[in-house]
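Given next, in structure tokens, is a single chain: the form predicted on its own.
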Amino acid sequence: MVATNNTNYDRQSELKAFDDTKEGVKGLVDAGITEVPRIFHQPPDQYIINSNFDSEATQFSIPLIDLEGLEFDSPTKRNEIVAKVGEASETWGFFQISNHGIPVGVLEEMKDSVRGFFEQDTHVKKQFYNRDPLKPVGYNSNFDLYRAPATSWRDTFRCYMAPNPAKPEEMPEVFRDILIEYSKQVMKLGKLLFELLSEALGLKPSYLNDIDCSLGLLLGGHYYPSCPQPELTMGARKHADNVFLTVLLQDHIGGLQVLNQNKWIDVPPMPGALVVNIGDLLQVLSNDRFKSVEHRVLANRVGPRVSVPCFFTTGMLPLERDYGPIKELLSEDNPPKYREATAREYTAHFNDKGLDGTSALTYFKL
């Protein structure tokens, strides 16, 4: 058990003791803790927390974009959707999509299976516990456990699904089939989203797909156990994603918030919808036109909360392609704001830095 009121507080040894259990936050909750251990205590945030009683709250909600009609090849409908995707990417960096083509049954099975992975016998789960981000499959609590100023109240599973997917026998048996099926569907959706984003930038539809933005897919599964003192900790500290694009499936519990105009705005769960957010690498490519914005997840007395982020990134691949602001978007009035770097270099910097509350983009600014 991790001590909470020790005057000789040794954070590193407490982190190691927690890590060595290989049971994550769920292990603490299963052990019946009633107080949040000190390693999870978060510093106060400087931004205003939105509340349902805020008179301005109704003015702030992330856009919902209905993709219905895209399949009919109507130029008018497509232009309308492209305009909405462009506006949302420029002003919010976040939007939800409905009628995206992935059946509700597949979404539900994916969420249930992630929950099933974390709630299976500990000895089965422990064999997947590791801290090597290049391993094709793994689970742990906090990828930046030893670097972050405070530990987040969540456990995470990860599996590389493209272009070099983990072998089926390496995947947890409890959700092997749905992992493969859901990833196929998300890859198809991702290619469509990159087409819409390319068009929103005034480029040919295949532009972002042609430069490998949709080549790599890392699927994650986050498990946020119920928390006895949610006011002391966070489900996920504020951060932006170090990828091209994230497609997120969240359950009904909620807690995801996005920073907009210095306020934390709730991203309410919507049945059947998926959350899409711009990643740092797409902000670089668009030369700051699209926004990779900070977001976080609140801890909650209700739980567990489950979410399934799918990250489009090639940051784990030894590719030589450099990414910088797209030349066609630059002009005398809009010079490049970032230096070129490989996706792998960007990812390595992000992972070394961890979720320390600062933007990884600063390191790459000209």
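This one's a predicted model, so the numbers in the text were calculated from it and none came from an experiment. Note that residue numbering follows the sequence shown and begins at 1.
The discussion below concerns the form predicted together with a small molecule, not included here.
Q: Taking 4.5 angstroms as the heavy atom distance cut-off, pick the stretch from 25 to 33, 307 to 315, 336 to 344, 323 to 331 that is near the small molecule in the predicted complex.
A: That would be 307 to 315.
Q: Could you spot which one of L256, M234, C159, M110 gets a heavy atom to within 4.5 Å of the small molecule in the predicted complex?
A: Looking at the other structure, the residue within range turns out to be L256.
Q: Using a 4.5 Å heavy atom cut-off, which residue among H100, H239, K125, R115 comes into contact with the small molecule in the predicted complex?
A: None of the others qualify; the residue that does is H239.
Q: Using the partner position in the predicted complex, report whether Y224 sits within 4.5 Å of the small molecule, counting heavy atoms only.
A: The answer is yes: Y224 has a heavy atom within 4.5 Å of the small molecule.
Q: Test of understanding: in the predicted complex, would V297 fall inside 4.5 Å of the small molecule by heavy atoms?
A: Output for V297 is yes: heavy atoms within 4.5 Å of the small molecule.
Q: Should L215 be counted as a contact of the small molecule in the predicted complex, where contact means heavy atoms within 4.5 Å?
A: Close contact is absent here: in the predicted complex, L215 is far from the small molecule, nothing within 4.5 Å, heavy atoms only.
Q: Is M187 close enough to the small molecule in the predicted complex to count, meaning some heavy atom within 4.5 Å?
A: M187 lies outside the contact set for the small molecule.
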